[in-house]
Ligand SMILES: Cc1cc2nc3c(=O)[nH]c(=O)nc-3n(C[C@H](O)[C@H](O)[C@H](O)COP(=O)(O)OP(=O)(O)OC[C@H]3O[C@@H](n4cnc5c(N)ncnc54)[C@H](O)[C@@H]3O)c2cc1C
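Listed next as structure tokens is one chain, alone, in the form predicted alone.
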């Protein structure tokens, strides 16, 4: 049985940031990270399609959701913490404001944090899950060992991407300590749709504006970017973005506006010109849109009326029928409600218990917002923990 000052459950972005932050403030505190996977930081390395979308130039509060959105506003958007300071290399941002390592390699982020953890003397226990936790804190591990800790950090993520170990099992641990968990749903995920009108479009990518409407016709979310048609529905950056607003909603309709920079009148004139030149109905949008997409729109119109065709180009609707679920989602919506933690991310229900990252009811839009929350909340928990030891002294 080994005793530590701080035990951290979960070796993802928030857990690693927390460990680094603790040791930078007080190198004499003993810290252990317990990670059920074979390697810590795997989800960090996979972020931004493997390029490491670590943050965003526009860190405004509107990009965060959940009962803890106000916490993200305080920790991420106010300048209180800068996650880029965790790393030792240059960063760049693209035209959408997404911030990446200059080398565009997500694994560089995790490698840097793991290097700092090792050099700081943090114990990293891999391929080992925490089976149970008793207040005090006594942690029973899957390898049969037991760990004692004065402070405990829950940073084990949510239920999204179980291939990285975040399978939702950590919720049972926090419940055993008296906490609750809000209903959870997958976010930043591909959407299933009624595919009757897009069966011929599998694999085609189109730049468009996507608007998601709720059952009452209210706009849930809007995004511009790429949409990829699939055999189950739609994917792509714009879809990931609006999926965050569709999470947990029923009877959602997606409106795809192709050619957002071109007016209805211009499209109408283009169609009319092709009709006058003898183009067949199926080819009235050829060259204006991808040929397969144009034919799909013409089939849906069922005629050659230029106005109807132009309006369909601007409002191609699909009925959403859910998502691909947690296995494909980048993040979890829901978690431990913010009312159960204080401004230091310390539990209001169990002494010396802290939370960081996705396990809390905070989620962000696509574009680096979730990694920013993970890093900033981990850094804040670290500060709070070190301050608590100072107070004890």
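Positions refer to the first chain, counted from 1. If you're wondering where the values come from, they're calculated on a predicted model, not measured in any experiment.
Below: the form predicted together with the named molecule, not depicted.
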**Complete:** If we test each of 170, 254, 208, 117 for a heavy atom within 4.5 Å of the named molecule in the model of the complex, the one that passes is 170
**Request:** Counting non-hydrogen atoms within 4.5 angstroms of the named molecule in the model of the complex, say which of 161, 182, 230, 237 makes the cut.
**Result:** 161
**Prompt:** Might residue 101 be said to contact the named molecule in the model of the complex, defining contact as any heavy atom within 4.5 Å?
**Reply:** no
**Prompt:** Applying a 4.5 Å heavy atom distance criterion, does residue 13 contact the named molecule in the model of the complex?
**Reply:** yes
**Request:** State yes or no: in the model of the complex, is some non-hydrogen atom of residue 34 no more than 4.5 angstroms from a non-hydrogen atom of the named molecule?
**Result:** yes
**Prompt:** Are any of the heavy atoms in residue 330 no more than 4.5 Å from a heavy atom of the named molecule in the model of the complex?
**Reply:** yes
**Message:** Within 4.5 angstroms, counting heavy atoms, which one of the listed stretches 23-31, 42-50, 346-354, 65-73 is next to the named molecule in the model of the complex?
**Reply:** 42-50
**Asked** Using a 4.5 Å cut-off on heavy atoms, what residues in 141-179 are near the named molecule in the model of the complex?
**Response** 155, 156, 157, 161, 164, 165, 166, 170, 173
